[in-house]
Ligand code: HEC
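The chain below stands alone and is given in structure tokens; this is the form predicted on its own.
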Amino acid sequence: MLKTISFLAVTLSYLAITAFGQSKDLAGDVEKGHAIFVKNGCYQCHGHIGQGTIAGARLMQTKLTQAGFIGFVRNPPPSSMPQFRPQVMPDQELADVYAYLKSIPPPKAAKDIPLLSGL
């Protein structure tokens, strides 16, 4: 219960950051973002294309704004992932990672995959 309340408090904080924080998005570079995603080991928990794993949330096609994403990476919920301070990952690098994650197309629906269409 306490973990749920903490998660809710953190989520509300990120919504506030999104609504009142950084008003202008930084231009992100998809290729640089992919390289940074790999170099910093993000794929180890979030999967090679941000699809999510048992260790990390799905990031591809995130609904977070860029400011919300940066806020989350800077101050994640306790014990969920390491904090990436600006000295480790500047805002521009996070904007690049965000651009990469937003560039990944959504997965096909099960009905559009022949092997799964009969399920």
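Numbering starts at 1 and runs along the sequence shown. Please read all numbers here as calculations on a predicted model, not as lab measurements.
Keep in mind that the form predicted in complex with heme C (HEC) is missing from the display, and what follows is about it.
Highlighted residues 67, 90 and 99: none comes within 4.5 Å of heme C (HEC) in the predicted bound form, counting any heavy atom. Residue contact with heme C (HEC) in the predicted bound form: residue 27 places no heavy atom within 4.5 Å of it. Among heavy atoms of residue 46, some come within 4.5 Å of heme C (HEC) in the predicted bound form. Within 4.5 Å of some heavy atom of heme C (HEC) in the predicted bound form lies at least one heavy atom of residue 80. Heavy atoms of residue 35 never reach within 4.5 Å of heme C (HEC) in the predicted bound form, leaving it off the interface.
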